[in-house]
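Below sits a lone chain in C-alpha cells, taken as the form predicted on its own.
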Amino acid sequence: MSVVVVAGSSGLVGTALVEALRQRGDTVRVLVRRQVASPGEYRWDPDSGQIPSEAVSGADAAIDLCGAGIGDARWTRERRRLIRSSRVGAARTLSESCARHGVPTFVSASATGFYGDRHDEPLDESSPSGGGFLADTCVAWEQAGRPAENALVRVVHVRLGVVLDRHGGALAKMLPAFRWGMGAVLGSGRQWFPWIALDDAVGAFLWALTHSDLHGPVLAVSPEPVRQAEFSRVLARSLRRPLFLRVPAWVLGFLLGGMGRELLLQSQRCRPKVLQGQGFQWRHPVLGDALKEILLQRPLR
C-alpha cells in the first residue's frame, strides 16, 4: 500500500486512475484548485507554485495529469497560452515539491504530440521531438520535471496517445456524428492515429508507479497502430453505420486553423517500445476489439 499524490484527478484518465489506486488499497491525496470538499483533498495553486507541505510530505509517489483540453476550444492566442501554462506550471510546481520533500517517484503525463507531424516514420521513446505548437508544449511539459530529476527523484513521462472511452475525450466527441452515419475520413486518412483504451492508459500509469527501473519517456499507445481512415472505418462498422464522407484537409484548416491541422491531420506512427520490452500486457491491443468493449460500457449516471 502506497501514498500517492494525484493532480488532475477530475479528467478522463485522472478519474479512472484514482479509482484504480484506491481499489488496490493505496491512499490517494488529491490536489484541487477549488475549495476542499472531502477528506483526502488538498487545495493548491500551481500557477503561483503554492502547494501544502502536508499534501506531499511522506508520499511514495506523485502523478501529474493536469492540462486544459486541447480539443475543447479553437486555438486562439489565449487558448494556446492556457493549454501550455496549465501543463507546464502544474508539472513544475509538483516536480519542485517532490524534490523538496524527497518523494521517490514523479510520474507526469505527456503526449504523442511531442513528435509533431512525422508521416510514416516509425517512432519510439528514443525519437527526437518534432515541430509545432503541440510538440513545443510537450517538450516544455517534460522539461518541467527537471527539478525532480536534479534531486534524483525517479521521473517518468507517460506520452499518451488518443485515449478512447465512450464517456469522455475524443471518442465521446466523435460518437454522435458516427451514430448518425455522418462519420468521416479526415484529410487523406493516411495519417497514423496513435490510440489507447482508457483501461490500458490507466494500466500504463500503474506500471510506471510500480516498476522502479522505469524512468524517462514511456509511450502509452496500442501496439497495433492504425491510420485515421482505418480508425473511422472500424468505428463506423462497430456502430453498424456507413462511412462515405471525407473532409478535405483544407476544410479542416479553414474551419479549425492550427487546431485542425495539428490535432486531426498530423501523423505519428508510434511504437510503445519500452512497455513492450518490459512485458506490459494490453487488455485491448486491437482496435476493433477495444471499440466493441468500449461501446458496450454502461452509460454513466
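Just so you know, these numbers come straight off a predicted model, no measurement behind them. Just count from 1 along the sequence shown to find any residue number.
Omitted from view is the form predicted in complex with a small molecule, to which the following refers.
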item	value
4.5 Å heavy atom contact with the small molecule in the predicted bound form for all of 221, 225 and 275	no
Proximity to the small molecule in the predicted bound form, single hit among 151, 139, 82, 177 (heavy atom within 4.5 Å)	82
Position in contact with the small molecule when the complex is considered in the predicted bound form, options 98, 109, 204, 123, heavy atoms within 4.5 Å	109
Contact flag, residue 209 vs the small molecule in the predicted bound form, heavy atom cut 4.5 Å	no
Exercise: residue 66 in contact with the small molecule in the predicted bound form, heavy atom 4.5 Å	yes
Any non-hydrogen atom of residue 241 within 4.5 angstroms of the small molecule in the predicted bound form	no
Contact of residue 157 with the small molecule in the predicted bound form (heavy atom, 4.5 Å)	no
Location of the small molecule contact in the predicted bound form, chosen stretch of 110 to 118, 210 to 218, 178 to 186, 225 to 233 [non-hydrogen atom, 4.5 Å]	110 to 118
